[in-house]
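This document opens with one chain alone, in structure tokens, the form predicted on its own.
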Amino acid sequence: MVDKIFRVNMTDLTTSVEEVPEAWAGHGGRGLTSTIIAEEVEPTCHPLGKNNKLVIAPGLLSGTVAANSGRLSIGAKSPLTGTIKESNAGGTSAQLLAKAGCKAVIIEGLPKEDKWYSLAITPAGVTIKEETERIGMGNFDVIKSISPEHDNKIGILTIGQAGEMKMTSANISIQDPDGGLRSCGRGGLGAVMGSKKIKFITIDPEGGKVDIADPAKFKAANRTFAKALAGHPISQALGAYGTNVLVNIINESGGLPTKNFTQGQFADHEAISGETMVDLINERGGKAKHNCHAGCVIQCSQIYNDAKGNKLTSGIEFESVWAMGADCCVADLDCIAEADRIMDDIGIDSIETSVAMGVAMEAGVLEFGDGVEICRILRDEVTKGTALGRIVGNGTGSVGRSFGVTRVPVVKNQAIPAYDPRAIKGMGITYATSTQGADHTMGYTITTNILNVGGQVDPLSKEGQIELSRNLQIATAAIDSTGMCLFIAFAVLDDETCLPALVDLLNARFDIALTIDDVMSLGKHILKLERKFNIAAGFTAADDRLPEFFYDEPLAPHNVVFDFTAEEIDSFWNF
């Protein structure tokens, strides 16, 4: 099936199917979303206005049997950060979109009338339908109401109440193989979808498939690639305990942000650790090992049941557990899982919203450790769009500004994730220089700072951190373009067969002759393209900085600060 561009104009409610421009042909996933946004969106436009566009793109290997290739990228100008933005997630939609012959969906304009719509994607293109039945529903009810109509054989993207209200922490949720949710969570892309009055999107490939130029070569490369992934010890640890295996590890390093980033260790870390979580899952008949998309050989997801054995949430990640747990001082996994489910249903980023709760706690809006009140605020305030709910729903920076808090852990207005940049300095460089606000996935230096993958760089030392972050950001931009999960990076860095196998997969898929250098050049191109957009939007080097308290307040137990100069940070871009 030949890939096409599907374009949707919400202003005149028309759709079209277009040939893929030659300049876009070599891109997929993040590379394609950022390329289209950079080419078609005015950098100074209002993110929720008519001139922003929402771009949805599967990766270069999406829809194939390549291991761990099920990530879907969604891009726009972010209403949270004001920067270019790409967020990706697992689920079923990337594979189905690729099988429908869709290289990318470009959604532009705003409806003239105050009506809501849904989009239905098939190989023939996109159909726009007015939607009335599901407005105001949470994400789970949306999926529950749609899936039976299609025998659960379609992909679904949906926004909850947060997206409808255009909260800048709103995400876009993607149905996973078990009817759960995976979230394109960061940057408020759900608000962009809400601004265009689209409640949900369905994807039906109608039996379509992705053509492989050289099936035999592809099969052999995938065998080598999957073996490298499955055999890596970090992959195995993730499969055994989920990403939450990191709680004890990061706590031991002294880099687990606690009580709104005032401490580097959480006294109750064991209560919320991956090991404790897996014990509870097994006791209650859940699943300790689970995949968020077909073909995953790592299976770091899980299904977490409540005390009665009923499913509470799935895919509860380290970032969510840390943010609601250590950062807010909540030591109850059941409470954290309940909050995670509510945020999934509302359709709001669990990192941004939970860090916002920590800032609200410092402001005295609620007490540190009060998980019950967190859940109440989510249900009664955020879901209903009260004044407090909108302050929280618009993110960490919004809470800090509204309540006069000075310790507000954000970069480019996006909440800093689960690694304190004072104790893990490589992550500080990533947070500062990322083109998309503070985001651990942009350049995950934990690999080498903490896990000793691909070498070892002392997390407490400045030496080597800028080069480490730069190299990982370049590699990540390329990985995000393939549709691969970020966690392939562990094997890529340690197993000499892994990266060549990935390149072989791309070459066999398209009958091309890429080299490893070509893949790295792609990553560099994407980063520079995104930075160029941001500069045109008004960002300067002064925006590539951490909040001042990281430079001034020593973090226990190591009593360290983030001590990079402006000139050192700016040298990141010398490539």
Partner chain sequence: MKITVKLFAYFRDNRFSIEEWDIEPNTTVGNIVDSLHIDREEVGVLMMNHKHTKFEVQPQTGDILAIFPVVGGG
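Residue numbers count along the first chain shown, from 1. As the structure is a prediction and not an experimental result, all values here were calculated from the model.
Beyond the structure shown, there is the form predicted in complex with the partner chain, which is absent from this document and is the topic of what follows.
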{"property": "Interface residue in the predicted complex among Arg470, Lys197, His440, Lys227, criterion: non-hydrogen atom within 4.5 angstroms of the partner chain", "result": "His440"}
{"property": "Option touching the partner chain, based on a heavy atom within 4.5 Å in the predicted complex, out of Phe266, Phe261, Tyr304, Tyr241", "result": "Tyr241"}
{"property": "Contact label in the predicted complex: Ser145 to the partner chain, heavy atom within 4.5 Å", "result": "no"}
{"property": "The partner chain contact at Leu246 in the predicted complex, heavy atom, 4.5 Å", "result": "yes"}
{"property": "Contact of Ala475 with the partner chain in the predicted complex (heavy atom, 4.5 Å)", "result": "no"}
{"property": "Proximity of Asn449 to the partner chain in the predicted complex, heavy atoms at 4.5 Å", "result": "yes"}
{"property": "Stretch in contact, per heavy atom within 4.5 angstroms of the partner chain in the predicted complex, of 325-333, 88-96, 484-492, 175-183", "result": "484-492"}
